[in-house]
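Starting off, we have a lone chain in the form predicted on its own, written out as structure tokens.
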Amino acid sequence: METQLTSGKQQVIISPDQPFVIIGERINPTRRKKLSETLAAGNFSVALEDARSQVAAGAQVLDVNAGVPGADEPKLLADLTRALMAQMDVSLCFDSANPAALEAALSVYTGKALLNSTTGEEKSLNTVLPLAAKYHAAVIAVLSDDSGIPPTPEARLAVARKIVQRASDYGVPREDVVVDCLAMTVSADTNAGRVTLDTMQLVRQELGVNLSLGASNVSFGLPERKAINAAYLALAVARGLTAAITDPTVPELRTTLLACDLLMGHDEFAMNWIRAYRAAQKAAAQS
């Protein structure tokens, strides 16, 4: 099953038969003081630099969040979208809990975007899915509902079934629903990582949809987070993960995902692996 995103002349395909898709996470003002301050002032220089560095590091899609406290989020997200489109041709994922902000960004975007996100909560389903249908966008479906985050893989699968069906009811096809099985921190619950991995397997087997993940959540509060996140991504790819919202500028994560593509048969003649190795060697020699 393929989830297709577009921007200008570029197309991104999320599929178990294609190389892994990295959704760059860095354009998010949460806990990033300089980015938050510049966005609030209508200055997009830091956001654009983050965009360029992530694309250079291998991000095919950029997650874009303009949730600055006190700001006019719909206007800010729309203006930021225009600034990004003016500087580069890259697919965008609009990240907001504000439906007005999502629509403002979708209305100025050229191409087929990704929405981050809907849940199984009735309010979320009834606001985000109509926008996805209206603007022919794909949507990330986070597996929580009005009762909270289901504790078992089977219960999360039931939420996935519900969201896929409701999306269909609104005219959003199954291939445009990318399911996020919810990575929870293992420092709070030893079994949290395994529950998410088992959920991925169930969702892939029954629904066949593409899977995304906010991968860094799993290591929150622990030392050596990069190593944990890289290992978790490798395990998740083996369970069917096809995209992740993560930071491609972290070498450990980018190298792990390139290795996964190679070992999953998605890197013909190891050309991407070799190209990345040579680029790293050249950068090291110049530093």
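Nothing here was measured: the structure is a model prediction, and the numbers come from that model. The numbering used is simple: start at 1 and walk along the sequence shown.
The following text describes the form predicted in complex with another copy of the chain, which does not appear among the structures shown.
With the partner left out here, another copy of the chain still marks one of 36-44, 23-31, 56-64, 252-260 in the model of the complex; by a 4.5 Å heavy atom cut-off that stretch is 252-260. By the 4.5 Å heavy atom rule, the three marked residues 191, 239 and 277 all count as contacting another copy of the chain in the model of the complex. In the model of the complex, residue 218 approaches another copy of the chain with a heavy atom inside 4.5 Å.
The closest heavy atom approach of residue 132 to another copy of the chain in the model of the complex falls outside 4.5 Å.
Residue 13 falls outside the set of residues with a heavy atom inside 4.5 Å of another copy of the chain in the model of the complex. Contact check for residue 69: no non-hydrogen atom falls within 4.5 Å of another copy of the chain in the model of the complex. With the partner omitted from this view, the residue of 168, 201, 126, 87 that lies near another copy of the chain in the model of the complex is 201 [heavy atom within 4.5 Å]. The partner is not shown here, but in the model of the complex the stretch 258-287 reaches within 4.5 angstroms of another copy of the chain through a heavy atom at 259, 260, 262, 263, 264, 265, 266, 267, 268, 269, 270, 273, 274, 277.
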